[in-house]
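Below you will find one chain, with nothing else, as structure tokens; this is the form predicted alone, and questions on how it binds or moves follow later.
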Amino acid sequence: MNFKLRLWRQKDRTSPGSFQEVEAHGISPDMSFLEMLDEVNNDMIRAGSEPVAFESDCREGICGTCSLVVEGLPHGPDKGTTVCQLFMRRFLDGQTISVEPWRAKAFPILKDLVADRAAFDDIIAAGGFISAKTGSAPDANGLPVPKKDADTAMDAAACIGCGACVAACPNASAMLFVAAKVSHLGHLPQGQPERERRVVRMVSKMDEAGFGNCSNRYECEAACPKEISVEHIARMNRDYGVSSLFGSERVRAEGGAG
């Protein structure tokens, strides 16, 4: 298979960028999108050109590092997959394919297809953890958790923090990511002591990073490779409202936001 790629090229975060057309020849339909980019880079290196920078790690759809917008869609046209799980048989032979990085104020482009997603790390550091000492790992049934809560927590924990929700949102909102992290811990007994502080601090850090607000377009859910439900956003909003109204004094007293 042969393709024409429109790759976004940008020297660094301060330089202007533009699309560069690159030919991809002899591509196997069984190659993943990242394997195809590897082949393109090999050809560019042999031709004496600078290869295109992109990120990858696990290549198994579990790390979220391969954050690319393919044909205008975060992670490409397949639902519930990451770019590393997108295979070239999904495209037509001879097709022109546009490839861009995440585009958001809070995700500045470092080079070519690589965006700086450190803002997510800052949000996690603000409250996406528990400090309760639990000792050694307890038995699976040592802490009673209702099945509904356990299932909801597990669904939220599936979030890999890739940022597709931000890239898909017209407002570059990180609400789905933050809501998944808040909901994951908020449904478990270990997450209750810091529940009020967690939601206030993480939402405040999200706003500080420059992410936009949710306008209920549901593009985030559609683009999420783990299909995280927007219902988590509603739950986070409820927790935030309760914490802001009734828990603000405790949050400030314990070193929370504000």
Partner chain sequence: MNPIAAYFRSSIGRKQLMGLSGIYLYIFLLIHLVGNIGLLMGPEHFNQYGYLLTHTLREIIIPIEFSLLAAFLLHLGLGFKLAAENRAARPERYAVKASKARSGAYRGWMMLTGSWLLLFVIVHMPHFRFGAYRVAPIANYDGLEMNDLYAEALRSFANPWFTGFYLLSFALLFTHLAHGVQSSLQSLGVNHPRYNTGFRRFSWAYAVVICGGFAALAVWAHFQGKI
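Positions refer to the first chain, counted from 1. Keep in mind that this is a model prediction, so the values were computed, not measured.
Beyond the structure shown, there is the form predicted in complex with the partner chain, which is absent from this document and is the topic of what follows.
Student: Residue-level question: is V69 within 4.5 Å of the partner chain in the predicted complex, judged on heavy atoms?
Tutor: Output for V69 is yes: heavy atoms within 4.5 Å of the partner chain.
Student: Looking at the partner-bound form in the predicted complex, is F3 within 4.5 Å of the partner chain by any heavy atom?
Tutor: Although the partner chain is absent here, F3 would stay clear of it in the predicted complex, with no heavy atoms inside 4.5 Å.
Student: Taking 4.5 angstroms as the cut-off for heavy atoms, does R238 touch the partner chain in the predicted complex?
Tutor: Within the cut-off, so yes.
Student: I'd like to know whether P193 contacts the partner chain in the predicted complex, with contact meaning heavy atoms within 4.5 angstroms.
Tutor: Output for P193 is no: heavy atoms all beyond 4.5 Å of the partner chain.
Student: Scan 206 to 228 and write down, in order along the chain, each residue with a heavy atom lying within 4.5 Å of the partner chain in the predicted complex.
Tutor: Going through 206 to 228 in order - heavy atoms within 4.5 Å of the partner chain in the predicted complex - the hits are M206, D207, G210, F211, G212, N213, C214, S215, N216, R217, Y218, E219, E221, A222, A223.
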